[in-house]
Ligand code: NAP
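Next up: just one chain, as C-alpha cells, the form predicted on its own.
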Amino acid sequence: MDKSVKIGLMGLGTVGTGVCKILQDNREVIFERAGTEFEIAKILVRDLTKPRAVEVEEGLLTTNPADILEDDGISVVVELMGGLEPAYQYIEAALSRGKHVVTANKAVIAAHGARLIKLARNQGVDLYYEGSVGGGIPIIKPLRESLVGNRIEEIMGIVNGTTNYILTRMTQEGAAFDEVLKEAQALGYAEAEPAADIEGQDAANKLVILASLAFQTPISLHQVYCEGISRITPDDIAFAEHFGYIIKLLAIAKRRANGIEARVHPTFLPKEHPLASVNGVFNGIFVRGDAVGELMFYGRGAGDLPTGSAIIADIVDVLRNRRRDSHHRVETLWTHIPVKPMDDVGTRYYVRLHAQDKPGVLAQVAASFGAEGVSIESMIQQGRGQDQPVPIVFITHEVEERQMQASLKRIATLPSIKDIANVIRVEGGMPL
C-alpha cells in the first residue's frame, strides 16, 4: 500500500453525508479496491455547531476553505457544496494548486466544464464528475471510456426526478399539476422554490454535460432550448393515452448532418420506448451509438447514498490513476460542432386547440397548417359544444419548429379559435 492519501471534503449536506456513510460502512472493500489507504483529513462546513446525520470527528470540521485548498498535504478535493459560487472558485483553485478534484456539481460542470477540463489537463491532475448527472447511475464513465469506439448519435434522458414524479402521478391518477406539485413538496421531492426543476433548468444543465461528452464538443447552457412541465394538464395526459403515448420531460441531444440538437421539453413518447416505463423519482438515460446500438441506463437519480456511490467510485479512480502516475485524458480531444437553433429542429407535434363547434372550422385550421407546410398525421374532435368551445387535437408529421410556430400564429388569428391550449413535441415512431 502507498502512504495514506489525504482528502478534503467540501460540503457535508445530503451528498457529503452519503459519502461519509458509505466510507464508514464499506471501508475495507473500498480501500482494497482503491489499492491505496486514504482518509478524510478535513471537511468544510458552514456551521460547526449544526447537528449531523453522520458521526464525524469534531476536529475534522472547518469553516475556512483555505484549510483544504492551501494544505499541500491534501491531494484530493471532493466538492459537494452545490451551486455555481463559491464552488467554481474552489474547484478552480484546487486544480490550479495541483490537486485532483471530484465533484457532483452539475451547475459548475455545465457552465465551466470545458475550461476546468483544460486546466486539469495542463496541471496534470484529474477532474471527475460522475455524480453530476443521474445520481448513482453510471453514465459519465461509459461516455468517457466504455463507448469511445462509438460515434454517439443520440442521447435522450429522464434526468430530473421531481418532474418525473409529478408526471407519473398525473398519468396514474389523473391529478392536476398544482395538486401533485404540492404533494411532491410535502414529501421532499420538490423544493419550496421548484422553478429549476419544473421549468427544465436542472435537466438542461445535465444535458450540457452529457451532450458535450457524447459529441466531444463544448456546449453552452444558452444553446439548449428549455421548456418545463407547468402547462401539462390531465387533458394532455388523456390525449397522450388515446394516441398510445406517455408524457415525459426529456433531455434530448442528437447528432445531425448539419449540427447538434440540444433541447429539454415535455415530450409525447411511445409507450413501447424504454424510457416510457421510467416512473416516480427514478431516472433513465437512453443512448444510441453507431457500433453498440441502443443502451439504457436506469436507477435512482439523486439522494445521499446513490450520489455518494458515484462520488466514491470517482475517488477510487483518482487513487488508481495516482498509483500509476497518470491522469485522465479522454475528453481533451475537443471538436467544434455547431448547435442547431431550435427554429431549425424538426419534430412531430401534438397541438390541442379549443374552437367553436361549427362547420368550416377544421378546414380553416387545416388550411393554416398547410400554408406553412405542416401536414396532419392524426386528428380528434370531441363532443358537440353548442355554445361552448370544444377541443380539437392534432398530431402532425415531422416539421421544422419555425414552420410550426408560423402556422400557430395563423391559427391564433382565426375568429373560431378560442385558444391554443398546448403544443407538445412528439418523439419516436407511431405507437404499436
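In case it trips you up, residue 1 is the first one in the sequence shown, and so on. What we label the rigid core is the largest C-alpha set whose atoms superpose within 1.5 Å from one form to the other. Fair warning: this is a prediction, and the values are worked out from it, not measured in the lab.
From this point on, the text means the form predicted in complex with the ligand, which you will not see here.
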Only one of Arg169, Arg322, Lys99, Lys106 comes within 4.5 Å of the ligand in the predicted bound form by heavy atoms, so just point that one out. Lys106
Listed residue (Val77, Leu80, Leu210, Ala251) with a non-hydrogen atom within 4.5 angstroms of the ligand in the predicted bound form: Leu80
Counting only non-hydrogen atoms, the one stretch of 260-268, 227-235, 240-248, 184-192 within 4.5 angstroms of the ligand in the predicted bound form is 184-192
Does any heavy atom of Asp47 come within 4.5 Å of a heavy atom of the ligand in the predicted bound form? yes
Is the gap between Arg27 and the ligand in the predicted bound form 4.5 Å or less for some heavy atom pair? no
Could you confirm whether Val19 comes within 4.5 Å of the ligand in the predicted bound form, counting heavy atoms only? no
Against the ligand in the predicted bound form, would Asn422 count as a contact residue? Criterion: heavy atoms within 4.5 Å. no
Determine the residues of 303-320 with a heavy atom within 4.5 Å of the ligand in the predicted bound form and present them in sequence order; the list may be empty. Gly303, Thr307
Is the shift of Glu398 between the shown form and the other one large enough to count as movement, that is, does its C-alpha move by 2 Å or more after the core is superposed? no
Core-aligned C-alpha movement of Lys50 between the shown form and the other one, 2 Å or more: yes
